[in-house]
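This document starts with one chain, in the form predicted alone, laid out as structure tokens.
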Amino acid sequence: MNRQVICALDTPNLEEALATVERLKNHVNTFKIGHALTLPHGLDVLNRLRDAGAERIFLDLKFHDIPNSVALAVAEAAKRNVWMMTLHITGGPAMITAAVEEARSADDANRPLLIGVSVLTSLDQRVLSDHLGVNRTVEEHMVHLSSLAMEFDLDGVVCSAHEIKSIRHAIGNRGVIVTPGIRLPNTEAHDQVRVGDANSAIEHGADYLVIGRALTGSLDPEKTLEQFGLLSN
């Protein structure tokens, strides 16, 4: 069982998601879901996934709204024992504080981890500068926002393999780092432009790695994890 790997269930098909969890539950214990499953099936999908064998669920809905609305969203997710959830750091200090206070109101056993998102892995420097008007490099902007996340007591941040080293240096051991876009050599990047390999990500300071199609489509999950250099731990 590999506890560093988070398997992304990027499908709106509930039966497919449940079958994937049952097939992979002896190899990974954490599964990530987002809008594709929650919009058609609601948050009751969490219990269905647990019944199929998902020990921990990462709810990746990237909350970004006024503080009260985000606090209500965090409360609903916490009621359903979500292990980890995401919110956009650019929502600002008041929004982050409202989310943190709501998460802390849950009992210790059910308190979710709140993970901040800064620059999506689908964005590159041109989009950040030319379209979003940010006058920092991607890495500088992510370091800045990640430091803000720690200042206001989030539990960690999301970043691609490209920024792990700089962000780990900036935040130290105060928060966990979750890294999506993990790929095997010579495979497609799909809709992510900043991707990397598993071993480098862990070496540079990532705590959790998000892997999707390579695992969900694998006929031999153990062999696939071995190819990533991620033997069970």
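Just count from 1 along the sequence shown to find any residue number. Owing to the predicted nature of the structure, the values given are computational and were not obtained by experimental measurement.
One more form of this protein, predicted together with cytidine-5'-monophosphate, exists but is not displayed; see below.
Only one of 183, 48, 168, 41 has a non-hydrogen atom within 4.5 angstroms of cytidine-5'-monophosphate in the predicted bound form; which is it?
The residue in contact is 183.
Counting only non-hydrogen atoms, which stretch in 58-66, 23-31, 169-177, 196-204 is within 4.5 Å of cytidine-5'-monophosphate in the predicted bound form?
Within 4.5 Å of the partner lies stretch 58-66.
Does at least one non-hydrogen atom of residue 212 fall within 4.5 angstroms of cytidine-5'-monophosphate in the predicted bound form?
Judged by the heavy-atom cut-off of 4.5 Å, residue 212 is in contact with cytidine-5'-monophosphate in the predicted bound form.
Is residue 8 part of the interface with cytidine-5'-monophosphate in the predicted bound form - any heavy atom within 4.5 Å?
Contact with cytidine-5'-monophosphate, yes.
Would you classify residue 158 as touching cytidine-5'-monophosphate in the predicted bound form, given a 4.5 Å non-hydrogen atom cut-off?
Yes - in the predicted bound form, heavy atoms of residue 158 and cytidine-5'-monophosphate come within 4.5 Å of each other.
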